[in-house]
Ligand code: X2X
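Take a look at this one chain, the form predicted alone, written out in structure tokens.
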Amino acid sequence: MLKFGSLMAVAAATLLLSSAANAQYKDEYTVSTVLPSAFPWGQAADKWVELVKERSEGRINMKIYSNSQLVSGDQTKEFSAMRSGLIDMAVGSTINWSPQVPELNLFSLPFLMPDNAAIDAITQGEAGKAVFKAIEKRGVTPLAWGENGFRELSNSKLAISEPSDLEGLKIRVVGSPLFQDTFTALGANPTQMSWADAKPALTTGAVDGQENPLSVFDVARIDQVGQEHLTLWHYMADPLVFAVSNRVWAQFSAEDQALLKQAAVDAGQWEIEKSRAELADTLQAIKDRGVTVTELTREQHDAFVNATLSVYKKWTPRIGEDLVKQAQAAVANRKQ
């Protein structure tokens, strides 16, 4: 009887431990994004969710909440909500997370990355690893990179080809002090507002222009709110980050952590390749709608670079001098 009792006790304990292990997994995990499925950003999140569900055979389920609805539309609060465990996962923007992770301001430095090869050199190199460590240190586990693309400049007044063209223009910018400094250095009047407020402001003329990736300009039909002039100046790019709250990450087994990470890497690579491949068609669609597109010459581009050097002097110490130098070296040595 004793032996039977002991066996029963072991079986009960095993069942209890098994239940506890299973209980740590939620029926559904929240995934926050700013843009929905009509945009590459939303498609990156869709792909991640799809791959995780498929590879876990339905054990791990994730639900996307776009338009920053988990933080009442305030995208700058997304990182804090994820760090505290209010949001489980996210595909987020380096811009939106930079208030909590100063190192992410690296990607907002004006004219640091002239092309896709420069973006890749930073994200896939030592600078990218350093940025991921900075994110993890602040309570969120980064898994992979995605892409929101180069942010281009549009306005309702004139074709912009040199810094003086921006003099006095009211430009809507996101909630980052670095953006304020960049546009102030160029002589513009930067106006911070959410995207929800931006389109009405562009419609009424309360602001003259805005900056966003071509995909956003196209899908959101920004040309319909008076934005007749578009300048391709590649002044900054906004990599996306697939990430999980540290609190949630610790609940997954090592095997499922590897599954989530690889799915994020694969989803990110898929989205990067897809969004880059679609750029030419996107630009043509914008031109076909009558938008005047200005592409800068090397000399014109250099004039904007020189006009924003003061931003580097102010922001490099905040971001980290070693990190900025690391990124600049990666860009200089990139493979074309």
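As the structure is a prediction and not an experimental result, all values here were calculated from the model. From 1 onward, residues are counted along the sequence shown.
Another form exists, predicted in complex with the named molecule; not displayed. Remarks below refer to it.
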Quiz item: So in the predicted bound form, does His229 come within 4.5 Å of the named molecule, heavy atom to heavy atom?
Solution: no
Self-check item: Touches the named molecule in the predicted bound form: Glu147 (any heavy atom, 4.5 Å)
Solution: no
Quiz item: With a 4.5 Å heavy atom cut-off, would you call Arg151 a contact of the named molecule in the predicted bound form?
Solution: yes
Quiz item: Can any non-hydrogen atom of Asp238 be found within 4.5 angstroms of the named molecule in the predicted bound form?
Solution: yes
Quiz item: Quick one: which of 33 to 41, 265 to 273, 58 to 66, 297 to 305 gets within 4.5 Å of the named molecule in the predicted bound form, going by heavy atoms?
Solution: 33 to 41
Quiz item: Can you pick the one in Val174, Val248, Leu166, Ile222 that has a heavy atom within 4.5 Å of the named molecule in the predicted bound form?
Solution: Val174
Exercise. Taking 4.5 Å between heavy atoms as the contact cutoff, choose which of Ala188, Leu202, Met113, Ile95 touches the named molecule in the predicted bound form.
Key: Ile95
